[in-house]
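First, one chain by itself: the form predicted alone, in structure tokens.
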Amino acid sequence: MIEPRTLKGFRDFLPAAMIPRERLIDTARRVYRSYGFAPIDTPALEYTEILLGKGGAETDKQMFRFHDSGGRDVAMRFDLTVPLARFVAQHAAELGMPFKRYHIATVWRGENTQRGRYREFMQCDFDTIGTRSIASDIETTLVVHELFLAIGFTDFEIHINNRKVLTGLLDKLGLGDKATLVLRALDKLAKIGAAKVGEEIVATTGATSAQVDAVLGFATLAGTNDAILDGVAKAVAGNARGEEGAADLRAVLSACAAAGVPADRLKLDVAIARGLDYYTGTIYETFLTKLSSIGSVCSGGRYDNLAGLYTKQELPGVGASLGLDRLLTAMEELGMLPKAATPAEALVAYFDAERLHDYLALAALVRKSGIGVEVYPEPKKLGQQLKYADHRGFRVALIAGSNELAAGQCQVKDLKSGTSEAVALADVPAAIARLLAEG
């Protein structure tokens, strides 16, 4: 006998886990579409040269890479952004620019597993390609904000920074040619602290203590967004790239405020650098204020040069990705996931063996109203059927014997409170809807 087991970092999803997962995907899809983002899909496998070197040395090491039966060097996508760059470069003429897309799909990274982090996981991306306009950076911020409200969060912060500010500062300090190494170290600031980040910068770049102090002093700027912006502007003054990044940050913050984003939900955080090498402008990380320890649950940014690896056509882009699995882990810890193993709200009890057609007709009536309903498959004792309903997490049970059916009625049982109400068959959908509205 073969022992049934899954690989480390990979999971099966039972209905109780898959139902909230699909609901979250449906919410993301609805929000993305409301802003005009169109769906696409790309293969799970790409030629390795498409993916290699795009996310950094650590990401290269984490790729699932192998030779297929034809001897081709292939790898499984580690995110959805690099395949997007290849996709747009390949189909630009058909798509037209600017192009707005969303992509909800599985990706793979052979990294160490931890809370909310797996080797196979799903990303929910949205991106705008073909424009450098700051309006798209602003819209990206607004989409992230609306997405978390739609999911049901009110306590969250979108942290925003700009790679131009960081690289501009490093140019001023004489570390421009070591920017990738410095930013990679800086991205670990929240995890390992300033002292160890400083040590890593010295070890990887040979920076002087004065240079390290300047980098860390900049990264730890604090206060209101306006105060931090003033500090940023002072630090990058005289460097054109840094000044452009500061202006971009000011534009995003002021536009989002004008669009109604509360000040406490958008935080200028000059310490975030994003670990992937392809970011060039605005960058985002989103944190849950009640569970910040789980890390960023929605991240992204502007990448103006990525598609240049595949085409001479200029195809700048900006977007973000919802970390579905990490967010679901957080929602479970916060008690935000309903306990149900069925997507249907109501169960029709198969009470009288001679009246199956009536039960099927009742179920059809309820479904026409947009309410999910399941008919129990066997005429077992009512107690067994109600036990099944409780185990599966149905909200309502519909119970009707010969006498009720002859009278054109049905008992609508609220499985949450245990109370029942006799209702005319035609009114059953409305009675269920009232109970569902009560929660």
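Quick caveat: nothing in here was measured; it's all calculated off a predicted structure. Whichever C-alpha set is largest while still superposing within 1.5 Å between the two forms counts as the rigid core. Residue indices: 1-based, along the sequence shown.
Just so it is clear, the following notes concern the form predicted together with the RNA, a form of the same protein that is not shown.
- In the predicted complex, the RNA stays beyond 4.5 Å of every heavy atom belonging to His357.
- A residue is said to contact a partner when one of its heavy atoms sits within 4.5 Å of a partner heavy atom; Glu46 fails this definition for the RNA in the predicted complex, lying far away.
- In the predicted complex, the RNA sits beyond 4.5 Å of every heavy atom of Glu374.
- Interface residue remark: Ala407 is not counted as part of the site for the RNA in the predicted complex, having no heavy atom within 4.5 Å.
- The partner is not drawn, yet in the predicted complex one stretch among 240-248, 180-188, 88-96, 223-231 has residues with heavy atoms inside 4.5 Å of the RNA: 180-188.
- Residue Gly323 is the only one of Gly198, Gly323, Gly281, Gly130 with a heavy atom lying within 4.5 Å of the RNA in the predicted complex.
- Of the residues given (Lys290, Arg367, Arg72, Arg115), Arg115 alone sits with a heavy atom within 4.5 Å of the RNA in the predicted complex.
- Candidate site formed by Glu111, Ser296 and Gly383: every one of these residues places a non-hydrogen atom within 4.5 angstroms of the RNA in the predicted complex.
- Residues Gln384, Leu386, Lys387, Asp390, His391, Ile399, Gly401, Ser402, Asn403, Glu404, Gln411, Lys413, Asp414, Leu415, Lys416, Ser417, Gly418 of 384-420 are found to place at least one heavy atom within 4.5 Å of the RNA in the predicted complex.
- The rigid-core alignment places the CA of Thr204 2 Å or more apart between this form and the one not shown.
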